[in-house]
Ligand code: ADP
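One chain is shown next in structure tokens, namely the form predicted alone.
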């Protein structure tokens, strides 16, 4: 029996992503499929684009369905298996399938103009009304003929915006795909690199991975920094490609994904390698999506969103730096963790998932150790020694009248490094210039008007910014409370470190790398390439510097205020601090020259700092896992965090209390209060965000899937007033 109605997904300005039911005309019933793009009538908007996501034969009596007008492409954008995968994500993370599809499928694919993007040509029609500069660009482009646009942009010293304006002014006819840069061309290479012979420890790890290919297993490759994990990944990829299957390779940050894709393209070829992350344009995503659909892409690399790309026939999923919190999306919904989603994807494809890190997530190490899937590489590549770490007690520095943020030992080390023509990395894991602005007369700290947190001063723009809601205001001349002019920017951010470093080392080439310094697309790639070429002496930045940089000329690493990460009121703060310090220490001494690392701290005897100094993961793990077991934190439970928020503080708190009371009553009646502990409600640590007061309930679930389904079923029956918002965060990475 053929279906009567099709459920279609639309993306409409002012309404958002919604599904609607439409009649299927007789002429389309034999050919319509899930995943096909269609044209449907929608009120005054006329015909709009949509995706088919389901079928039915019945509708409520009060709904009168209209006919689908046209199928735009008989080849589906996605299939039923892919839709089932997205439905699992929606169910696990307690969100709508619309939210998941919106996250997974670029909604601008609904634009039918993208269907014309297969044509690649540049046509010159007229030089009339063109400026002198425009004529120069057009003449250069005309001489080049059909060219790689990214190379043209460099040679013409122009941008896509300029080219687009030329197209709009009819000086140049150019297809939309030419305006979008093909992400594959960034990694264009002429000659493929050879595969080096693996060292014994690498070969042993690879052999164990090879045995697990073709099976569903979660493997953890725990290798110290610079142990050569990437070469083990590449050998495994080669084996998977030879078997006719494809590979998904995830990295935690866009910058790392870009560097990784470049290396993959050099090793396996540009034609079969692609990159996917949130910062590539819709045109680029469309191009990659089409190649994936045609099975032209064999290796897809990217940040967390790449886990939703419809890559088929997967034989291996690799998650590099698997400990990184960047794999978790905290907002907007779906609040998914790419590592968990990748685990489900591996299950669907019956393939192994290979996770690698020098500082694995505590949960990952625990499960791998207890399932006999832990592989270890304890030596650096070619037996290079680990960098020597020195802990600098900043209390002694202040006692000796050094009130600066650089210790004398670190300054001397940087000066010697500059003389030796070696490179230095300085880590300061705080954005901005200062961490808060305070009135010295009345003690008032200037806070965000929408959030209960101090505004952070940014020196380049002379403004105060909130990094949670993006509120920005000019630095006031007087205290808004008492009118005093005694305002002081207190604390230290990475911008301040950069300015002080420039004064201390005026002849050094110093560059800052953080999210505030990247003003244009792919700037992080340019900075990292300049650093790898030796054109930067000192690279200063936030935590993105601690990941994946492999530069043998870096022989010195300095950490300003190593205590930062340990001071957060969160059960994972020790783990994160240890991981960050160990990772950044691993950037030094990766070549023939030994490395030195300086941790500047006010708490030199702290156990996580000591174990990071020794780069002793096992010692840290044994201490941390005992604390987790004592307090029933993961991996000994699963956590679901409920946040009730409202502009009315009293109503938000009252609503949280009612939900907690109802949930406690049910749990006690079923006598499962011990394996399903309900904590709270209490005010969130950051009590107010974006003008809304927040109260949280933490649920520690030791009943696995049964407890998960029980909680989400309870929440599905909760009805809230319009002014109260419920946020469900499954497996949260913080409780701030």
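Note that this is a predicted model, so its numbers are computed, not measured. Residue numbers count along the first chain shown, from 1.
Keep in mind that the form predicted in complex with this ligand is missing from the display, and what follows is about it.
- Message: Based on heavy atom distances of 4.5 Å or less, which listed stretch (387 to 395, 96 to 104, 73 to 81, 192 to 200) is in contact with this ligand in the predicted bound form?
- Response: Single hit among the candidates: 192 to 200.
- Message: At 4.5 Å between heavy atoms, is residue 224 in contact with this ligand in the predicted bound form?
- Response: Taking the distances in the predicted bound form, the answer for residue 224 is yes, it comes within 4.5 Å of this ligand.
- Applying a 4.5 Å heavy atom distance criterion, does residue 429 contact this ligand in the predicted bound form? Residue 429 lies outside the contact set for this ligand.
- Message: How about residue 87 - does it come within 4.5 Å of this ligand in the predicted bound form, if we only consider non-hydrogen atoms?
- Response: Outside the cut-off, so no.
- Touches this ligand in the predicted bound form: residue 542 (any heavy atom, 4.5 Å): Close contact is absent here: in the predicted bound form, residue 542 is far from this ligand, nothing within 4.5 Å, heavy atoms only.
- Item | Sole residue of 263, 450, 467, 312 within 4.5 Å of this ligand in the predicted bound form, by heavy atom | Answer to the contact question: 263.
- Query: Looking at 376, 231, 610, 632, which is the one with a non-hydrogen atom within 4.5 Å of this ligand in the predicted bound form?
  - Reply: Of 376, 231, 610, 632, the residue with a heavy atom within 4.5 Å of this ligand in the predicted bound form is 231.
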